[in-house]
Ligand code: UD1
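The chain that follows stands alone, in the form predicted on its own, written as structure tokens.
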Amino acid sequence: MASFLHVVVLAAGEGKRLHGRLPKVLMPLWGRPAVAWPVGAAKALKPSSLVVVGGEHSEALERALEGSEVSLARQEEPLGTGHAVLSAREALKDAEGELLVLNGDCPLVTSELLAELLAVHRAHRGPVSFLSMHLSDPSGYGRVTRDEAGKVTAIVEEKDATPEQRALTEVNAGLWVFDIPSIWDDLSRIGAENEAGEIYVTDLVEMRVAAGDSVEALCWERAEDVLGFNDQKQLSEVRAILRHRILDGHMANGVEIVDPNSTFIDADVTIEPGACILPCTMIEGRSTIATGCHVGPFSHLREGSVLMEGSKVGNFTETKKSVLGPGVKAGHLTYLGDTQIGAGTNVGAGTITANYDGKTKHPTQIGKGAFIGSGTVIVAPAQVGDGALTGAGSVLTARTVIGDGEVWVGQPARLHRSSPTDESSGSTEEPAS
């Protein structure tokens, strides 16, 4: 029978030391829950199946991973990593091949690392392989012990380690490859004779070595790839590394990021080569920025913002679920929510599309080549036609419809003239409804 790859992501930990409102695997990291990062790395290997093991927060985990094409299993009691892996047995009852196990709170893991660990396991042909690393401060990690020949003999959890073992710097990184179905029998035979009374995956190493098998450890030099987090300080360190990886990816693709140290971009943002991101800018969610766009400084693009070719968003401007057509300019002190803007329109300083009435969000449509005067407030829903103009400080009440080429001024705004060149009209006609 052909050998297939199956993946289990352990995501049952609560992360109580974070003191947050969410389990640690659901903590947001640049637009994704933390667990989505290792899930994404594993999916790049195209496994036959991928199971995420949750605990008390399984329902929230399922919602967070909706659409990710993964299976969910539940660890009913927190009885250790070995018990967590066994919790996936039913979901993998017909599986054969290799089982890759990784932790849901290790968002820095890469598909390249996982592929190399798999290659080591396949070359070694043993029943168990795992990833290790050297840390100058190994506190909190299980220590890897080796014999005089350098072969792995055991992994000792810190709480069970002797002082000599705690002095070791090679630690277990928490990534494993096992053979299926033998892993299920192995885990079923592990006892819980330790201080915590839990079933440790790490005990498989000593058990297999005692049975005469060889266990292979791939010692990974770049420790940051497998860093996890248990408190807010560690979370901030992981977040910073991920942020710079995202920025590095955009710059490698031809995006100009003037000051990476003050730029924050979510993982699912799309930016085309030739765009320029200026300092002190945040871009969130599934936003899209086309070539030739300038964003910033001090701009905030929220979920669903779309900037088409050559558009510009500047100082203290915020957008959300808004589409700015080619060449649109919104340079200063502006909020655009649920707004569609046609090509070439100029949005003056201090413009606000007031999209929320306290109960519901409403859209605003602004046509091509329009000129929105400084300080204009557009109370949605509203529509501004092609080539239309609003005077500085105008307030467009809800359901206002400004025709193509019309000029509106005042508070509330009224039709001033039918076109910018028509000086004869001084109409105070009521706004359309």
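Because the structure is a prediction, the values reported are computed rather than measured. Residue positions are given as counts along the sequence shown, with the first one as 1.
Although not depicted, the form predicted together with this ligand is the subject of the following passage.
Only one of Ser287, Ser129, Thr202, Thr317 comes within 4.5 Å of this ligand in the model of the complex through a heavy atom, and that residue is Thr202. A single residue from the set Ile241, Leu79, Cys219, Ala115 has any heavy atom within 4.5 angstroms of this ligand in the model of the complex; that residue is Leu79. Residues placing heavy atoms within 4.5 Å of this ligand in the model of the complex fall in a single listed stretch, namely 96 to 104, out of 322 to 330, 96 to 104, 357 to 365, 211 to 219. In the model of the complex, this ligand lies within 4.5 Å of some heavy atom of Asn172. Mapping the unseen interface onto this chain, Gly296 falls outside it, with no heavy atom inside 4.5 Å of this ligand in the model of the complex.
Taking the partner from the other structure, this ligand in the model of the complex has a heavy atom within 4.5 Å of a heavy atom of Asn230. Ala275 falls outside the set of residues with a heavy atom inside 4.5 Å of this ligand in the model of the complex. Residues Gly140, Tyr141, Gly142 are the members of 131 to 149 with a non-hydrogen atom no more than 4.5 angstroms from this ligand in the model of the complex.
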